[in-house]
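Only one chain is shown below, in structure tokens, and it's the form predicted on its own.
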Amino acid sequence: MSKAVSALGGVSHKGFVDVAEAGQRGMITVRGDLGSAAMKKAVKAAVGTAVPAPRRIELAGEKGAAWMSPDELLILVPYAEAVATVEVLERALGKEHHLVADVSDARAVFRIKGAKAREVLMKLCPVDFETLAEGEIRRTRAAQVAAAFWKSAPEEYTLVSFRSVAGYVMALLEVSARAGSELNLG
């Protein structure tokens, strides 16, 4: 059995902000009726949070649930807990119509840290950052590829993309964060 590795081996870049691949992260797609009692119970049992409202992310330490569409959540857990969390979700959802899939190895996670972290994403994502609320997740694109991101700390964003485009996304983030390329927002 081969050892699981992150998409880019933790590569990072220091520019006017720091950008880095965040390493392995447990990610599970859950599809079903987000308003059902079984779904609410399953999410609470798996990660300790409520089912998030549309375009919201609920976090409890290293675990959480992110709204991805009217019938889809992205469950976040430590990588080593993904398989066990799938089992918890499957048991809790029982006979209710649902889909639970471990997508941990199909995704890449990046962190953008620094006082001007949003500037890096502003160059890549068609999002009005002035209206981005605390606890909001955005499904969008980073240049030409699908991505989702949220503000994970006061000066930090977390971005998720498909693993197959991780090198491209890291290159985008690196170029966007190069010293001297800050936006003049003043």
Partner chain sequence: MLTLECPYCGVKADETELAPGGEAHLKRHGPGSTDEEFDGYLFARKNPKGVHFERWRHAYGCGKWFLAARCTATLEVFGTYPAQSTKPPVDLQARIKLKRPGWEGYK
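Fair warning: this is a prediction, and the values are worked out from it, not measured in the lab. Numbering follows the first chain given and starts at 1.
The next section is about a form of this same protein that is not shown, the form predicted together with the partner chain.
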Only hit among G35, P70, G61, P154 for heavy atom within 4.5 Å of the partner chain in the model of the complex is P70
| query | Taking the shortest heavy atom distance, is K41 within 4.5 Å of the partner chain in the model of the complex? | reply | no
Check your understanding: Quick one: does A53 come within 4.5 Å of the partner chain in the model of the complex, counting heavy atoms only?
Key -> no
Quiz item: Is A146 close to the partner chain in the model of the complex, meaning a heavy atom pair under 4.5 Å apart or at it?
Solution: yes
In sequence order, the residues of 131 to 155 that place a heavy atom within 4.5 Å of the partner chain in the model of the complex are R138, R139, T140, R141, Q144, V145, A146
